[in-house]
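Only one chain is shown below, in structure tokens, and it's the form predicted on its own.
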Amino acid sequence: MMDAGRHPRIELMTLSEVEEVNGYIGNFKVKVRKKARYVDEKECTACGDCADVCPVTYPDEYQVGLGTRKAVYIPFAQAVPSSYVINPENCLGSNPIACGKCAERCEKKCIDFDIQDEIVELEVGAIIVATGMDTYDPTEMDEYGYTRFQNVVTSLEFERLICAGGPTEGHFVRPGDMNRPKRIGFVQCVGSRMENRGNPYCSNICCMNTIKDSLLLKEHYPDTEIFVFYIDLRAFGKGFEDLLKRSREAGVNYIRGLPGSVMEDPETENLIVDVENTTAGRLEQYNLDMLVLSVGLEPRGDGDPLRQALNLSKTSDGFLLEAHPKLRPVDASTPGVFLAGCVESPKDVKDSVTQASAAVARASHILTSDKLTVEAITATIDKEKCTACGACAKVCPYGAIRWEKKTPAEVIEAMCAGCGTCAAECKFDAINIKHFSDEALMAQTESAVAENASERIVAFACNWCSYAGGDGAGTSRLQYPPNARIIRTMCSGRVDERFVLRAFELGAPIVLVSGCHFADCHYIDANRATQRRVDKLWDKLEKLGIRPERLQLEWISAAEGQKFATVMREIEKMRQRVTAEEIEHTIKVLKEDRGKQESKRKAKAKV
């Protein structure tokens, strides 16, 4: 961080947050609020006189509450800039001035309570999101006694206790009586791999963090007894298995089983831990001086405003979604925005550095290019047909359509990702998607039911998830009915209601629309438009006397080949229950409805 602060071409804006992002790849406009420090960072010499006279004491966030700081403080050693800052929420001298001792003591007169927040507007070509993560708060898991016993700490608190720059200056003690603990237990997977509480995913780093800590303790305090309670040990990575072997050889005890109860001896403050050893098949009890909870990682709780400002997607676990897990692992769904570190998924330092390097390389490609190329599937607007209704701009997940009242819409190609939601939403055929035009998709729909229509299943599948799921089902040799005719679209949001109604009108007994899960949409939230459109179609079918069940909507991910095969088998059973009379009735009422709609359009055209 200090090297970055000294670099002539890097500007570090600390105590700042992004408020607004506009523009597109190569031409972003970012509005940043630079919060008031109330201390002139250029004049401050970090002498500390102001902190000496400050009467306010507050828990130190950097020391995770194990130490204290003043209202005027340096956030941590080697912070950039190396100057003090005043926290206005803690200070007694900010609105109105009731103290002011720090300002009186400062010889350089660096402190000014009248400093205001500053809005800085930046023009940048690329954005890298590396906002990190939070750690799981084990308060809700009170069976481990985190809220009741002082000597139960989290792995992050343990790191601060053994750190030379920590609240005890490297002297390893337990919080209860400040004595060195000699029997320590580590509980793995706290807040991870849990369905009813915490998070269902593995947090990646917890096992290796515990192994590292156990080796560190054994090197400095060889007489320490260490017990690790675990479900499974995951030591994936270069050299990690060797570290686990070294830990075992050093005398660390690994017990397969998690504590069922934790009690405290009121006289010694020791912890009585009951554990079912599943390997030995018996219930065991351990008397420990300290219990460390290896808490997992989770997405930042304050990350949604930035995610919304950048039009980013997130996965079901709350981390940001990459454009493609294999082909574009550091690209975000918004062109020109890249991901690095734990904002994308839980990862260790090595993987974070690797991803950060890749993100920088991708961003550098944009900054050093005279021209940028985009995939040739973008939308185009016929201005003669456009009525300036603005429906397309409302559903575009990227904000790639400029629209003003009485002015034809305009597509910013650099921002358009080609999902096609705007084309499906337009009622005036004014929008065309290159390579996925209405004519091409309608022709595929008609071809799908050209022969033996009553035996066909017409399935519209999005490119990234459900189509890939079908491909996965095929490569895995999973059996599903061969009479399905799959029509690929870039997004389920591209499926126009006309395609569905045309399939029914030509005799299709059943139609499937499938796409990404809500939280996993590769076009941010375009599949929400799919849901709204299908809801309207169900209502329309019901009004026309057609069973809505004949139109199916399914969310299938690329990894769910098994689900794709299962869904297709279930839909085939539904198809077999559709009678010839139903199909004939459907064809009749839809032709009549189409005739009415065409008559209305002609009447409007004459007016």
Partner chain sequence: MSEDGLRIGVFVCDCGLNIANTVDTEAVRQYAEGLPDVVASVGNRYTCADPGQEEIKRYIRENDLNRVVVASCSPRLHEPTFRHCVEEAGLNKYLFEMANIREHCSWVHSEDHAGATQKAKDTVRMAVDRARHLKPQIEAEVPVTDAALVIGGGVAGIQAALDLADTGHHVYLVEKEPSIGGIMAQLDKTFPTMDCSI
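So that the term is clear: the rigid core is the largest set of C-alpha atoms that superpose within 1.5 Å between two forms. Positions refer to the first chain, counted from 1. Bear in mind the structure is a predicted one, so any value in this text is a computation, not a measurement.
Beyond the structure shown, there is the form predicted in complex with its partner chain, which is absent from this document and is the topic of what follows.
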property	result
Its partner chain in the predicted complex: contacted by all of Thr154, Phe172 and Ala417, heavy atom 4.5 Å	no
Contact test in the predicted complex: Arg456 vs its partner chain, heavy atoms, 4.5 Å	yes
Tyr62 within 4.5 Å of its partner chain in the predicted complex, heavy atoms	yes
Its partner chain contact in the predicted complex: Arg601, any heavy atom under 4.5 Å	no
Cys99, heavy atom within 4.5 angstroms of its partner chain in the predicted complex	no
The single option of Thr224, Gln444, Gln531, Thr315 touching its partner chain in the predicted complex, heavy atom within 4.5 Å	Gln444
Heavy atom within 4.5 Å of its partner chain in the predicted complex - the one residue of Leu367, Ile115, Ala388, Ala280 that qualifies	Leu367
Among 353-361, 249-257, 497-505, 404-412, the region lying within 4.5 Å of its partner chain in the predicted complex by heavy atom distance	353-361
Within 4.5 Å of its partner chain in the predicted complex: residues from 230-247 (heavy atom criterion)	Lys238, Phe240, Leu243
Is_shifted Thr68 between the shown form and the other one (CA, 2 Å cut-off, rigid core)	no
Rigid core superposed: Thr373 CA moves 2 Å or more between the shown form and the other one	yes
Cα separation of Ala356 and Tyr523 in the predicted complex versus here, shift of 3 Å or more	farther
Direction of Cα pair change Asp304-Ser466 in the predicted complex, magnitude 3 angstroms or more	closer
